[in-house]
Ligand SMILES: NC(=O)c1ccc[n+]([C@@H]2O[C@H](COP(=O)([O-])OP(=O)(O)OC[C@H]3O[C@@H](n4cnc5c(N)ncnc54)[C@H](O)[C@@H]3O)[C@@H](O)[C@H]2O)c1
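A lone chain, given as C-alpha cells: the form predicted alone.
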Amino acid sequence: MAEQSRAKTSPAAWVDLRGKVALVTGAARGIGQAIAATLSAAGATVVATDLDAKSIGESAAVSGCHPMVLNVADENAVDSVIAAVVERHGGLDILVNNAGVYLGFGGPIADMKTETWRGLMSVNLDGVFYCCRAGARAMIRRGQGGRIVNVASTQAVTPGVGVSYDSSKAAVVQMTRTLALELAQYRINVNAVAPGATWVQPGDAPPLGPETLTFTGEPLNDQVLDRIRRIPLGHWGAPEDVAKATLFLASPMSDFVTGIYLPVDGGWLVL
C-alpha cells in the first residue's frame, strides 16, 4: 500500500520539502550557500552552518535559513549543534556534508608536511565522519528515516589536484557507500554528489582559455587544466548545478537511490 501511494504522488510533491529539517555544513558561500538556499526554497527548514560567523549570518539572512557556527573538525561541536537542531526543530531529516578545504595541495608528497595533511583531513574526512555519526544517531533515534548527502569531488576518481585533497574525497566516496549499506535498515539513504570544475567566484566570468588557473593561490597542474579546457559541455559548472543534484538526492525523487556517486561535471569524467 505504501508503494502504491508513493507511486501516485504528483511530480510537484517530489521536490516538496515542507516539514523537513535540513542541516548544511560549509554554507556561508559557494556550493554550500547554493545548496542551503535551494533546500530552503523547496520548503525545508534549513540550518546553515559555517566556521565563519559573520558570513554565515549574512548568507542565512538572504536565503531564509537559520545560521549556526560550526567547526566540523571538532567532534564535540558537531554533536552539540546537531543536538541543538533536534531540540529546536524536532528532528533532522536531511544532512548535507559540504564543508571542505583545499589547503592540502601542499606540493609533492616528498615535500608535504604532516600538519598540511592533517589540517585537510581533519575537515574533509574527519568532519564528514563526525557529522555522519551524529546525524545518523539522531535519525535512528527518531525512527523516520532520513537523507545524508556528502559533497565529494570528481577528484575522488581522477587524481591530479594533490595527494591530500584527492585522497580525502576518495575516502568520502567509500564512506558514503559503506554507510548506505549500514543505514539502509533504518531507511536512511546515503549518497554523494561530486562537483567537477565549479566556478564559485561571484561576479567573475569563469575562464576557459590558456591562462593558468589557481585554487587558493596554488596553480592547478597541467592535467587538471587540460580537462577543464575540454569540458564536453563547454563551460564550468555553477554552485546551483550542484545544488540541483543535491535537491534530487535529498528529496522524494531519489527514494530508491542510495550508495551512489553522482558527478556534476559537464562530462569531465568522460574524458
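The structure presented is a predicted model; accordingly, all values stated were derived computationally and were not measured. Throughout, we count residues from 1 along the sequence that is shown.
Beyond the structure shown, there is the form predicted together with this ligand, which is absent from this document and is the topic of what follows.
Judged against this ligand in the predicted complex with a 4.5 angstroms heavy atom cut-off, the residues 51, 71 and 169 are in contact without exception.
Judged by heavy atoms within 4.5 Å of this ligand in the predicted complex, the contact stretch among the candidates 93 to 101, 175 to 183, 110 to 118, 134 to 142 is 93 to 101. Exactly one listed residue, out of 197, 125, 188, 86, brings a non-hydrogen atom to within 4.5 Å of this ligand in the predicted complex: 197. For the residues 231, 28, 37, 245, the 4.5 Å heavy atom test against this ligand in the predicted complex is passed only by 28.
Although the partner is absent from this view, residue 149 stays clear of this ligand in the predicted complex, with no non-hydrogen atom inside 4.5 angstroms.
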